[in-house]
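Next up is one chain by itself, shown in structure tokens, the form predicted alone.
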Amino acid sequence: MTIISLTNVTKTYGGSGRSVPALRGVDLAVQSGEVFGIIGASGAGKSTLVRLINLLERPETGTLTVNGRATAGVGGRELLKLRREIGMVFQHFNLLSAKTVAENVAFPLQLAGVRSRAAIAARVDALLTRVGLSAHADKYPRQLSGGQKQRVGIARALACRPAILLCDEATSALDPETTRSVLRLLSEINQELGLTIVLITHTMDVVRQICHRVAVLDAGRIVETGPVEAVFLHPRHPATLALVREAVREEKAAGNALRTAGDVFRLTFRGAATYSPILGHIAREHGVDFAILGGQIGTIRDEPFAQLTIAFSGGDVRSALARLDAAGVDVEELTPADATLGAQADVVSRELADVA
């Protein structure tokens, strides 16, 4: 079931006598219970998209539906009720410094009109236990680490039992190890509660670790979308490539190899095939020699993958490739004209493995 839907949504800001388009004809559908990533560079339109989804802004044109309700014309108590179905986790935590951890988590319940102190205390205790902060209930935000503050932010966002959790650059202020810990927590919450999570980020690593599907936002448009494995193992748009591109020197080296190695292919192995010796077996069967020009092994969420750039020569190359394809290996030929794109895609693979 679709829980968030945007159809041909545009948003323009005015200033200094001119209009600045932030979103241009965005079509997007997030399914209930999934972890959906929205990734883009600075200025791509991510913040505007968040403000539309959490109902702080309204589309200029197009339609927006949240949890089965069109947002056009929604106001007053109905708007407040709809907003309570959307929890928000912020980049810089946004905790109330004068309130304790427990008081921060209780605050949304009080705003929602919950009067029973016992009910609030029980809910707060359960949430702090879930995020691993029971022992810190009486501390103040200044006494917490960055990771602990974000866990408080997650508990607070869950207080009113939302259907959707929006995470706006929620890990960009954290170190890598703390980021992994927070993402594991979000993944567990998604699985336990069936909660829909939308992650807004500029970091490919965040999407790789937790998201089921991803949309790439560039200059206010969705330029690529699909399962994380497909988008990041086989990026097609320059904006996607740019998000994970490494040093120009490495791209040139890979490009030179592609131009001089003859018949070059990119092979993508996933799941159990990642660790299978199938490449060697098939090469021997068909008398094919191969040279590995680049690639790496890594994981996307919990699934292993390998993506290798291979040059084949001698023997029956086409039969060998057909056998690889039949065995579930994705085979993509890289011609000299594809050298630049192929090199950049190999960089994507290296980046994925580097952060695995």
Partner chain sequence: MSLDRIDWPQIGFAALDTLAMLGGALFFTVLFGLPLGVLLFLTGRGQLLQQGAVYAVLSFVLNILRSVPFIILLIVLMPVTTLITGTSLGVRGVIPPLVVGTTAFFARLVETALREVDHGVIDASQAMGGTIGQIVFRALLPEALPGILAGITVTAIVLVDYTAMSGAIGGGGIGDLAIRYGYQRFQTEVMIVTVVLLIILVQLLQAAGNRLVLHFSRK
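Numbering follows the first chain given and starts at 1. Predicted, not measured: the structure shown is a model, and the values here were computed from it.
Although not depicted, the form predicted together with its partner chain is the subject of the following passage.
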Answer range among 292 to 300, 314 to 322, 24 to 32, 46 to 54 for contact with its partner chain, defined in the model of the complex as heavy atoms within 4.5 Å: 46 to 54
Whether Arg213, His234 and Ser276 all lie within 4.5 angstroms of its partner chain in the model of the complex by heavy atom: no
query: Of these, Arg117, Arg184, Arg142, Arg161, which has a heavy atom no more than 4.5 Å from its partner chain in the model of the complex?
result: Arg142
field: Residue among Arg180, Arg83, Arg130, His202 with a heavy atom within 4.5 Å of its partner chain in the model of the complex
entry: Arg83
- prompt: Is His281 a contact residue for its partner chain in the model of the complex, using a 4.5 Å heavy atom cut-off?
  reply: no
task: Please check if Pro108 has a heavy atom lying within 4.5 Å of any heavy atom of its partner chain in the model of the complex.
output: yes
- request: Report yes if any heavy atom of Leu95 sits within 4.5 Å of a heavy atom of its partner chain in the model of the complex; otherwise report no.
  value: yes
- prompt: Taking the shortest heavy atom distance, is Lys99 within 4.5 Å of its partner chain in the model of the complex?
  reply: yes
field: Contacts with its partner chain in the model of the complex - residues in 198 to 225 whose heavy atoms fall within 4.5 Å
entry: none
